[in-house]
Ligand code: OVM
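Shown here is one chain on its own, the form predicted alone, set out as structure tokens.
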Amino acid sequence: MTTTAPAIPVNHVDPFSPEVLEDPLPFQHALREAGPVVHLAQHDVYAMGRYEHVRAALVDWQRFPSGAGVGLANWRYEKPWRPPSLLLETDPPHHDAPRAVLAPILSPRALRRLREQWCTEAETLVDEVLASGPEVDAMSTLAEAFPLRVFPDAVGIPREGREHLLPYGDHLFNAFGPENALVAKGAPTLPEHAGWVNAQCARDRLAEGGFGAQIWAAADRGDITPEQAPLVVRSLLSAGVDTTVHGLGACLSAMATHPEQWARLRAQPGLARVAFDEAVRWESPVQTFFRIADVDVSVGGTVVPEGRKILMFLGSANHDPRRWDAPDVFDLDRDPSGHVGFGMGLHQCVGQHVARLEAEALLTALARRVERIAPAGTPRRHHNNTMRGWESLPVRLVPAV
């Protein structure tokens, strides 16, 4: 008896269209309900939206490697627009040494030395924002301002020119998608932004004791090569700001729209890290990443053919009711651990502990000084081919008495 493989469901919606970027939840629901694997006709790629299969693909770097790029472009046949990231876009053994160098530099133990300073910086920033008046844009004054205030200092780059970091990162994440209007919009200024970022990766631009200097010290020890060192520093500057900015924006948006959760956080400031991880699950600032099938891979009874790109919808996995109870609800009673908002497995975000410490510092400072965060206008989404976030998030901050 001959068994015929089930036909792969086909979806004709462009997941990078403005409509889906504005509100991806309906598309993601349809993707999950269609099956374990779906063919996206607009871009001739395969896609996964269910938590079980997204998580399994993320940890299976042998069959779903990253070396062909984590964007739509297939680097087995196309030339990368910039030298690939040694962390995100390589696989073992090339991935091993850079990861081994960076992981201890960004470990929770190593970050302890920054906690007091970052908490003080957060308190100062919140005091400045409250002094400016009750209604503020939480994105520009808090979610963007705090990471740009502390993270570049920790890396060891100069203060002058930091305005290049966010537009450079925004273009980088747009470039993981198709060459659409979002990519075209950033192209004219890319040389200026990329030139500044690349220049900061040189040994002589980095302050002593910072993350960057520690990476170069690893090159001096022979743990990585002098050619690899600036690329590892670049990874910090490429992915270490925008992701945290949009994670903080998600958290502030959640607190403004869920006043009972903000009250609970104020009563239990120790929940700050839980709140941040729940926000990362709930909003999934990094929505998607591509991998490639290195061999024919069976996923839920469906075969992804060798050499084909597959788009993993992290945001969809984080809203999969097969894994999460009431996934569309932001809830501090939930244990959000296991979400794939930082990836999973070998390529899981090496800077996630930095982001958590930044969030803990800012949320704790806000909880001490702000009784209530309330919407103060219509928020506006920031569209990006890979990231989900806010362009503007107007809120009213009610100071604590």
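One rule holds for the numbers: they count along the sequence shown, beginning at 1. Please read these numbers as outputs of a predicted model, since none were measured by experiment.
Form predicted in complex with this ligand: not shown, discussed below.
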Contact stretch among 264 to 272, 92 to 100, 78 to 86, 218 to 226 - heavy atom within 4.5 Å of this ligand in the model of the complex: 78 to 86
Interface residue in the model of the complex among Phe146, Phe289, Trp282, Phe276, criterion: non-hydrogen atom within 4.5 angstroms of this ligand: Phe289
In the model of the complex, the one of Phe151, Phe176, Trp118, Phe330 near this ligand [non-hydrogen atom within 4.5 angstroms]: Phe176
Contact test in the model of the complex: Leu172 vs this ligand, heavy atoms, 4.5 Å: yes
Partner contact for Gln200 in the model of the complex: this ligand, 4.5 angstroms, heavy atom: no
Touches this ligand in the model of the complex: Ala110 (any heavy atom, 4.5 Å): no
Contact label in the model of the complex: Ala239 to this ligand, heavy atom within 4.5 Å: yes
